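A single chain, nothing else alongside it, follows as structure tokens in the form predicted on its own.
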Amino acid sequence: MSTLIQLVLSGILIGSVYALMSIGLTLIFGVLRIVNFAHGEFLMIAMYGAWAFSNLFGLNPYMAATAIVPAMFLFGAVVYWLVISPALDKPHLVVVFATMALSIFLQNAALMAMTADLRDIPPIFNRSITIGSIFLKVELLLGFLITILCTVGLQWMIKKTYLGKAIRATVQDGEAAMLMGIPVPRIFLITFAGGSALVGLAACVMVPLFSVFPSVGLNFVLIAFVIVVLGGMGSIEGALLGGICVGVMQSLSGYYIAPAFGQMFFFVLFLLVMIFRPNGLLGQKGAAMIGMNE
């Protein structure tokens, strides 16, 4: 029984880290209604940044987040200005191919600059927290707490602040929001840059857990897409729930069947949810067309 509890808790913790990576993606989709296929490469760049801070300045990745998050916000703003904004009034496929091209470019640029070598940082915490027969890795526990704080903070921002209300108004009717004096293009810019900053935060949480290499984003972006659709398109709390479901499924199937089949089982879960609940676990009907959930 203790093994099952250990597996479920480990799955919840790793799933929350996956969810943190996915929240930026669902925020961008919820407002701009575009899927950023370069999301994984944004994660890769931020992970290299956290690795560099750790190796060059001796800062642990959590301290490096104070620099990585603003840097990724600026990087996201530049990408929006150069790549996304010119394609927004074009057919949807233009944005899709633009972000795919950006993904390939960033991955190859990283391969040329950093080679294909795996980069790691030294362990930050050398012990786990022990509760009876249960062991909790400190880095995963920190990731879980950061994800919960981000989810609650984002929900509060969207529901209570002027910026959040402007974002919701833009999602509901962009033209009406513009007539009411809301700077819709600026809201788009802030949302895209904010989603990029969130993936920067996720990278700082993930660097102590995973190696960094040029194609690391591909390993995680597919999981992020599954989580976003599983939780409900545009739903921030749905991304958290979807991430936890994926993490638990991966943990249980990896132990009881084989680690190599971990991804297969959460894709089976994904297919079952899509068949019986096409809008996702916490999604609203039509959210894929309308945008962020209320």
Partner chain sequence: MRPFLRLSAMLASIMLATTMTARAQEPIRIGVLLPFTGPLAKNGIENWEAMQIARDMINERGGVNGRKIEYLQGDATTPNAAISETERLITKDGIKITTGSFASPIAIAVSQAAERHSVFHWETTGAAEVITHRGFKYTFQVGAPARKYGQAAVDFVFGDLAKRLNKPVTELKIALLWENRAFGKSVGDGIRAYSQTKGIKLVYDEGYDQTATDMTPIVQKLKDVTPDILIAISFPNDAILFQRKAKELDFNVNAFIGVSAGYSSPDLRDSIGDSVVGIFVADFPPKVNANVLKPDIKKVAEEFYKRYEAKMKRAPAGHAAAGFSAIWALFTEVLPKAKTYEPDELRDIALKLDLPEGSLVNGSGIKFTNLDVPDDPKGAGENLRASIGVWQWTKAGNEQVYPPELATHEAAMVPMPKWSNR
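Owing to the predicted nature of the structure, the values given are computational and were not obtained by experimental measurement. Positions refer to the first chain, counted from 1.
As for the form predicted together with its partner chain, it is not shown, yet the points below apply to it.
Proximity to its partner chain in the model of the complex, defined as a heavy atom within 4.5 Å, singles out one entry of 104, 74, 145, 209, which is 209. 121 is the sole member of 121, 96, 182, 88 with a non-hydrogen atom within 4.5 Å of its partner chain in the model of the complex. Heavy atoms within 4.5 Å of its partner chain in the model of the complex are found in one stretch of 195-203, 125-133, 74-82, 170-178, which is 125-133. Contact check for residue 10: a heavy atom falls within 4.5 Å of its partner chain in the model of the complex. Its partner chain is not shown here, and in the model of the complex it never comes within 4.5 Å of any heavy atom of residue 151. Residue 220 belongs to the set of residues with a heavy atom inside 4.5 Å of its partner chain in the model of the complex.
Proximity of residue 58 to its partner chain in the model of the complex: non-hydrogen atoms within 4.5 Å are absent; the residue sits far from the partner. Contact check at 4.5 Å (heavy atoms) against its partner chain in the model of the complex: none of 29, 187 and 191 pass. Residues 3, 6, 7, 10, 14, 18 of 3-31 are found to place at least one heavy atom within 4.5 Å of its partner chain in the model of the complex.
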